[in-house]
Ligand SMILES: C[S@@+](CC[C@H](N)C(=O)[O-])C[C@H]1O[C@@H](n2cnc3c(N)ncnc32)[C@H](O)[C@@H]1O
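Coming up is one lone chain in structure tokens, specifically the form predicted alone.
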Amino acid sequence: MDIDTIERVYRRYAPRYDFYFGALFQPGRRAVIQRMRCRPGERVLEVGVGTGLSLPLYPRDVQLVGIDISQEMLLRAHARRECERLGHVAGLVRSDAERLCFSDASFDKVVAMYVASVVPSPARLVEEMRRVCRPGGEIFIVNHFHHANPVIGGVERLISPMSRLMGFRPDVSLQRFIEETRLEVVERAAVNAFGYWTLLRAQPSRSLAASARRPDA
């Protein structure tokens, strides 16, 4: 997976993304936003906001910013914000999830829904999420990880070579993901149909956040 491939695939998905992934993934979106327990005035960053399916689910008293690499997906998120009059959405910005265009400690909560298996480097994704999250804030991730069932896991490995065509990797290991990202996971829950996806709530480490790389000027 590389940035050019991701942009190309999601340019193709954009017109029908809500149809393919709206109702299917919406329970997970609701679950993670409920667990975020956003307080009035908090600044929230959603990494990989896509067409903005999650935007109406946030409390209207937060300051929400969404980023995505796909301009075609963002155009639909902008349209949703205007159509549904989502005044709490302070910005929708085109940005690489691995090189976020925000200063350190800019947000109280940072969330990535269905993004960890899409980006070229999950470790860099989490590093950047950690960097822009303030000390004492929280990081949330919803994603599918390689299934423990040998039959299902075998199918995931079988279709893994098609990742570039599908736009995501179906065989990302949860254990390896946590080890490589050094996430301090404080909660883990199964979400969506059959619990096939996993919700992670984590705390940013101050020492790791301090050493995280900054985006180029």
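Numbers follow the displayed sequence, beginning with 1. Please read all numbers here as calculations on a predicted model, not as lab measurements.
Unshown form predicted in complex with this ligand; subsequent notes refer to it.
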- Note on the structure: The one residue among V62, I67, I33, V191 placing a heavy atom within 4.5 Å of this ligand in the predicted complex is I67
- Query: From the list C133, A97, V89, A77, which entry has a heavy atom within 4.5 Å of this ligand in the predicted complex?
  - Reply: A97
- Message: With a cut-off of 4.5 Å between heavy atoms, is V118 one of the residues that contacts this ligand in the predicted complex?
- Response: yes
- in the predicted complex, Y114 touching this ligand (heavy atom, 4.5 Å): yes
- Item | Any non-hydrogen atom of W197 within 4.5 angstroms of this ligand in the predicted complex | no
- Would L45 show up as a contact with this ligand in the predicted complex if we use heavy atoms at 4.5 Å? no
- Query: Would you say all of F107, I178 and R182 touch this ligand in the predicted complex, counting a heavy atom within 4.5 Å as a touch?
  - Reply: no
- Query: If you look in the predicted complex, which residues in 2-38 sit within 4.5 Å of this ligand (heavy atoms)?
  - Reply: I3, I6, Y10, Y17, R29
